[in-house]
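Here's a solo chain for you in structure tokens, the form predicted alone.
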């Protein structure tokens, strides 16, 4: 018989299999998930969750789709966090320090508390990539923030009101547009896609079972 654990979802106690993720446990308990479900296999960012284990004072953050339940876990999911998203034309802005001052001046009010890093569901050094953005080191900021899933948990804990994921997104766009070397082979691939070269291949892939697609992905050729 499968091991069962007790979890508290929105204050109500449920006994669920220990092998389930938080998201699966919610469905097992009878909740119908209609939003905040993300990809359901990890790292989409829509299912930001906070929890605490009974007897432990630390409030932890995670993604519900990729975190297993624990005994005596008290769970509360977060609604969509309203990040500040400034409007800009990537073809008109430039990778200067002034553009961050203009669009996201709050990054210069960072108090160095590191709450953003401690809250990150991906384990990113969020405060470090904000420091790179402050110094207009956009290539470093883009690299440090590359695995951000924009769940917004870091911003929810920030006393300075910084929208870290949006700052990182701007840095990655600036890096891709102006700093990173141009890729001729990418232009060629886009042209081939627009010409319909891969339509039959994509249709074939879409018809394969998920297990076979995972196997193909895990053994794909990766460009050096």
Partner chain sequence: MYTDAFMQESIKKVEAAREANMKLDPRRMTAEEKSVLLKTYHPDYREDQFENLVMGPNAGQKVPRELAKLLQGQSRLLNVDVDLSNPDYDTDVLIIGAGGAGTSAAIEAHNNGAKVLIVTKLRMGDANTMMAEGGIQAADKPGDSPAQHFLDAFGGGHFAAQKDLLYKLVTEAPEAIAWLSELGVEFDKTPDGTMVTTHGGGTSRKRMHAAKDYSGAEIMRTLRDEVLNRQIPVIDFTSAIELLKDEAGRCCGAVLKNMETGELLVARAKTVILATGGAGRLHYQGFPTSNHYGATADGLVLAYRAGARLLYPDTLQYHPTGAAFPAQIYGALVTEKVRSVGAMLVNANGEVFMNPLETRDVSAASIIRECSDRGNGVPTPEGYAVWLDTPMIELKHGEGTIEKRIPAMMRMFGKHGIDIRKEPILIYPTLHYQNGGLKITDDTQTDIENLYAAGEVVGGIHGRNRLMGNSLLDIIVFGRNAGKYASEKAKSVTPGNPTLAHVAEFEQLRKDAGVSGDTLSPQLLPDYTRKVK
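Predicted model, so just to flag it, every value in this text is computed and none were measured. Here, rigid core means the biggest group of C-alpha atoms that superpose within 1.5 Å across both forms. Residue numbers count along the first chain shown, from 1.
FYI, the form predicted together with the partner chain isn't displayed, but the following is about it.
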Review point. Is residue 40 close to the partner chain in the predicted bound form, meaning a heavy atom pair under 4.5 Å apart or at it?
Key: yes
Point to revise | Interface membership of residue 147, the partner chain in the predicted bound form, 4.5 Å heavy atom rule | key: yes
Point to revise | Residue contact check: residue 115 to the partner chain in the predicted bound form, 4.5 Å heavy atom | key: no
Point to revise | in the predicted bound form, residue 160 touching the partner chain (heavy atom, 4.5 Å) | key: no
Point to revise | Candidate spot 94, 111 and 137, all three touching the partner chain in the predicted bound form (heavy atom, 4.5 Å) | key: no
**Study point:** Contacts with the partner chain in the predicted bound form, stretch 157 to 191 (heavy atom within 4.5 Å)
**Key:** 166, 169, 172, 173, 175, 176, 177, 180, 181, 182, 183, 185, 186, 189, 190
Point to revise | Displaced residue check between the shown form and the other one: residue 207, CA, 2 Å or over, core reference | key: yes
Check your understanding: Taking the rigid core as reference, does residue 68 move its C-alpha 2 Å or further between the shown form and the other one?
Key -> no
**Study point:** Displaced residue check between the shown form and the other one: residue 27, CA, 2 Å or over, core reference
**Key:** no
